[in-house]
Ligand code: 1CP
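A single chain comes next, written as structure tokens; it is the form predicted on its own.
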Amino acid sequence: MKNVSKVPIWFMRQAGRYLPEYMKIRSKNSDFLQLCFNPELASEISLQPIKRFDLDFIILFSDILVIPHALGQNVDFLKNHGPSLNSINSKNDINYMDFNKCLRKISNIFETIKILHAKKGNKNLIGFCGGPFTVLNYMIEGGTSKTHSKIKKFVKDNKNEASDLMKIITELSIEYLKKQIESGANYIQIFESWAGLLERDEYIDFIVKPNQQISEEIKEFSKDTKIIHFPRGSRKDYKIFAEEVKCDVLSLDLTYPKELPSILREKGITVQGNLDPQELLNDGERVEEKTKEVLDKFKKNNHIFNLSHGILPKTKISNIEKVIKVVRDYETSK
């Protein structure tokens, strides 16, 4: 008799601008960061896609840049621009001596998680943080960047200073994730969104080692908590990451070594991903075909269906519904 299993599904950025119910709240709350720190509204937003789509995972509505905010850096979100930070050059530009004080600045996030834990039912609840290098990138660049020239130069010319900052960000992120777990998160995801900026030696020092430290300390703190890593843009270095960083789930973008799924299968690591969010802007028939392609590609793996990055603001809700139906109807034989 075949052992038939279903593929669980959630979407990165599933609570966001493509949902009219989110935009209704957002229209009345212009300060994005303060919205993240409002437990009542942040929990409501987190649950909006669950109420609409009945997805398998709730992900905390927050942002990776709460860590720079906790460290005393000015963080704003500007309309039609994105995040804006006063750029820094050393650890002396931030307030890092008292992590308890840092965490108190963002403690409302833990209240949001407690609310979600009480309402999650049989769903999994994901907390998260930014990968240390990704957070450092924003802190040095002062926001989003097309060239990332500041961070690349900083890592090469000021490696000791960069390492000091990475140590602070990594250790604070670990304490932040521990508080999320204590508050009720049973999964955590580390969004290392700019892993692809670094070459081999720097990739080891600034991507692999900090993420490995996070995994080891979180597993020591809570062995039952599942850890998802997403080193986006890693390309061939996904193999190094999978070999060196202990994780329960590895989230993939569009480009990775063809042998990686079999490596992950042998290591008992679940694959997460990896439908291109651009596909959700196409007509429904193509969306269904591309969804089926992803399911077939990972059918021999333990698989959580997701995207290769976050849902785009112009995504049609009908296309999300089509993807969910295809995934729900798909059966894998293990």
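The numbering used is simple: start at 1 and walk along the sequence shown. The structure displayed is predicted, hence computed values, not measured ones.
Below: the form predicted in complex with coproporphyrinogen I (1CP), not depicted.
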If the cut-off is 4.5 angstroms on heavy atoms, which of these, Val287, Ile50, Val271, Ile59, is the one near coproporphyrinogen I (1CP) in the predicted bound form?
Ile59
Tell me, which of Met12, Ile320, Ile9, Val326 has a heavy atom within 4.5 angstroms of coproporphyrinogen I (1CP) in the predicted bound form?
Met12
Since the chain is shown here on its own, which stretch among 24-32, 261-269, 279-287, 293-301 would lie within 4.5 Å of coproporphyrinogen I (1CP) in the predicted bound form, judged by heavy atoms?
24-32
Establish, in the predicted bound form, whether Phe133, Ile174 and Gln212 all lie within 4.5 Å of coproporphyrinogen I (1CP), using non-hydrogen atoms for the distance.
no
Could you tell me if Ala70 has a non-hydrogen atom within 4.5 Å of coproporphyrinogen I (1CP) in the predicted bound form?
no
Would Leu55 count as touching coproporphyrinogen I (1CP) in the predicted bound form under a 4.5 Å heavy atom rule?
no
Answer yes if any heavy atom of Tyr138 is within 4.5 Å of a heavy atom of coproporphyrinogen I (1CP) in the predicted bound form; otherwise answer no.
yes
Decide whether Tyr187 counts as a contact residue for coproporphyrinogen I (1CP) in the predicted bound form under a heavy atom distance cut-off of 4.5 Å.
no
Looking at coproporphyrinogen I (1CP) in the predicted bound form, which residues in 159-193 have at least one heavy atom within 4.5 Å of it?
Phe191, Ser193
